[in-house]
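This document opens with one chain alone, in structure tokens, the form predicted alone.
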Amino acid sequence: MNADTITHTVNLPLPVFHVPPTLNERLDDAEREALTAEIRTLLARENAVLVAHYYTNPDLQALAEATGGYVSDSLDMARFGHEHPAQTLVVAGVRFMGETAKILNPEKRVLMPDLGAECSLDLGCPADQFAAFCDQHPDRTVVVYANTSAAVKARADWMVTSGSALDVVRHLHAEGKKILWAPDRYLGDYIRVNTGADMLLWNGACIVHEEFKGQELAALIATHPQAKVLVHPESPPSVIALADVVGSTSQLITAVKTLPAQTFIVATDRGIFYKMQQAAPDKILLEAPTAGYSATCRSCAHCPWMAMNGLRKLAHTLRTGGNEIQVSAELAARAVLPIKRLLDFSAAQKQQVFGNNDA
């Protein structure tokens, strides 16, 4: 069996969707400075705060930090927006992140630089097909990854992040639950292997992480034998097998900061390098390979939809109030339940840890 073959996966074809070319925004220093100054003024005028994902352009991450906003993963972005007094949240990321922010903050206006910024995991799990699949397996607890639409979350029992998935599934497995998982089959299989849970996996994948190559990564490791390998669990099994640390975006940033190694090979979207370099400016960061030496681009790990975010579009959105995220009250009322279940579970875990420490 090939190392990247996933077992226990439902035999569903991957939906066909359009992948935009990766077109990073190109600005000269003068335009960057002018746009940044204008956006600062517009954020204040609109009583708005900017939250940006780790994978977005460093210009956006730096601006979020400089204006009292936040850079993090999708759930923490939404949670920050809930706690912040601003009445407008500007979400630099992809569409499901804007939806999650709106679900957790229904009273606030949520804007995005580009509503066309999608996600292959979201697009690869259409709500109607997913609902039909769930109906075929009513005995299973439905657990979905954060990278899904509001409609898919509304059909789930639990929502998880890459950082919380193992703990949640271990908890459900201990209760004797069988799991229906969606949408990322690689993350799902990683969880299945590490928990022993009975999991039926939706056939989805992230187009960025799926491209990391185990054979090419092994060759890079041989060139840098002292390097620690950091891998996001959305990657294929052959890549995960070579990792020193497998974890969420936040966990990988922490690993760069805390591990004693000087060099790291990083298998996730290269947008994360901004925060990694900020956390550990003396460390050497190498991009994990997505192709062989004959390829035009050996390390092409950047989401084309994340690249649709930029200062020009952000300024336009704030000027016009366009690109507002809408989630119906009826849909939000159902979609918020699996999200809150995760938040309550995480809070209980933290309380248990703090309680043990106090003891």
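Just so we're clear, the structure is a prediction, and the values are computed from it rather than from any experiment. In this text, residue numbers run from 1 along the sequence as written.
One more form of this protein exists, namely the form predicted together with 1,3-dihydroxyacetonephosphate (13P); it is left out here, but the text below deals with it.
Is Phe130 part of the interface with 1,3-dihydroxyacetonephosphate (13P) in the model of the complex - any heavy atom within 4.5 Å?
No.
Heavy atom of Trp181 within 4.5 Å of 1,3-dihydroxyacetonephosphate (13P) in the model of the complex
Looking in the model of the complex, residue contacts with 1,3-dihydroxyacetonephosphate (13P) do not include Trp181, since no heavy atom lies within 4.5 Å.
In the model of the complex, is there a heavy atom of 1,3-dihydroxyacetonephosphate (13P) that lies within 4.5 Å of any heavy atom of Glu99, even though the partner is absent here?
Residue-level check for Glu99: no, no contact with 1,3-dihydroxyacetonephosphate (13P).
4.5 Å heavy atom contact, Ser74 and 1,3-dihydroxyacetonephosphate (13P) in the model of the complex:
Heavy-atom contact with 1,3-dihydroxyacetonephosphate (13P) at 4.5 Å: present for Ser74.
So which of 63-71, 319-327, 31-39, 50-58 is the stretch with heavy atoms within 4.5 Å of 1,3-dihydroxyacetonephosphate (13P) in the model of the complex?
Only one stretch qualifies here: 50-58.
Using a 4.5 Å heavy atom cut-off, which residue among Arg185, His209, Arg192, Lys153 comes into contact with 1,3-dihydroxyacetonephosphate (13P) in the model of the complex?
If I apply the 4.5 Å criterion carefully, the residue I get is His209.
Scan 211-236 and write down, in order along the chain, each residue with a heavy atom lying within 4.5 Å of 1,3-dihydroxyacetonephosphate (13P) in the model of the complex.
Stretch hits, in order: His232, Glu234.
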